[in-house]
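As a starting point, one isolated chain is supplied in structure tokens, in the form predicted alone.
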């Protein structure tokens, strides 16, 4: 059963159309990265998944439940880290977690939850005095209470230091390992690239593409670099590489040939060098990053 299904979903706010005819399926147990420039419609989509907003047209199904007719069942199985979370005043971090435990009718130790997200020893402090990164950790801890079947994370790395980012990755990986689904949006594309099984790219309310990162590399054809070190340059090796389709730049430094080409053509480059009689001593490849693929797909930076 899919964890998330959006079927022909559109959302308008007056004369402003935030989403246009969005079709999207996220499989159970999948880590799905949802990308797009500011104003693309990512947060609106997340609001529809948890019934904070209603679609103008279309159907939204989460964990087998129609979100509009059964929102309580969806929220009971879903942990949510909203963008820009602000803790309540005059309430400690531990009390925040206790509230989440009570709301879920869960059997959980609030101190263990705080320790899990790196807030051990901080539970007695008033949470409104937490730093931005600490508030983000607290919101994540509340989302993780009772190990929900679905985690929805909206810009989860906001305010986190490198240690917090690493812990966030570990938590996402742990959730996937136990079979949970993770749906998250982020501007930090290297974080998405590190954990996502697939990504969807949204622009101006329209879903441009959904694919694995390797699939995007193949379909978009963004160039990466390949450096091949030979035991000595062989006559014709450089010409053989330059003659290949899909190769745009070929540089030579001593016995090393550096090539710019699509990721899909790199094997052909190595084969061409070997066919010409050269012996490959070493090679290094620099794949196109998710940021490269994002820019190629949307024409914008994240």
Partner chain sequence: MSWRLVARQGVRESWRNWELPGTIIAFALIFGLIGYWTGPAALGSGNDGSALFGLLAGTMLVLVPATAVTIAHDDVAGRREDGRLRLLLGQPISRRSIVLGQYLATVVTIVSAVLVAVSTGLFIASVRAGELAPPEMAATLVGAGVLMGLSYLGIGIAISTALKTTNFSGTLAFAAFLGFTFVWQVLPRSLLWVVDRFVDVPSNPWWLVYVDTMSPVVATGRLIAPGTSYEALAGTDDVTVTAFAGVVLCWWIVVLPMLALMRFERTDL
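None of the values given here were measured: they were computed from a predicted structure. Numbering follows the first chain given and starts at 1.
As for the form predicted in complex with the partner chain, it is not shown, yet the points below apply to it.
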Each of 212, 265 and 277 within 4.5 Å of the partner chain in the predicted bound form, by any heavy atom, yes or no?
no
Is residue 142 a contact residue for the partner chain in the predicted bound form, using a 4.5 Å heavy atom cut-off?
yes
Residue contact check: residue 166 to the partner chain in the predicted bound form, 4.5 Å heavy atom:
no
How about residue 137 - does it come within 4.5 Å of the partner chain in the predicted bound form, if we only consider non-hydrogen atoms?
no
So, in the predicted bound form, is residue 242 in contact with the partner chain at a 4.5 angstroms heavy atom limit?
no
So if I measure heavy atom distances to the partner chain in the predicted bound form, which of the stretches 204-212, 167-175, 188-196, 98-106 falls within 4.5 Å?
98-106
Between 51-67 and the partner chain in the predicted bound form, list the residues on our side with a heavy atom within 4.5 Å.
51, 52, 53, 54
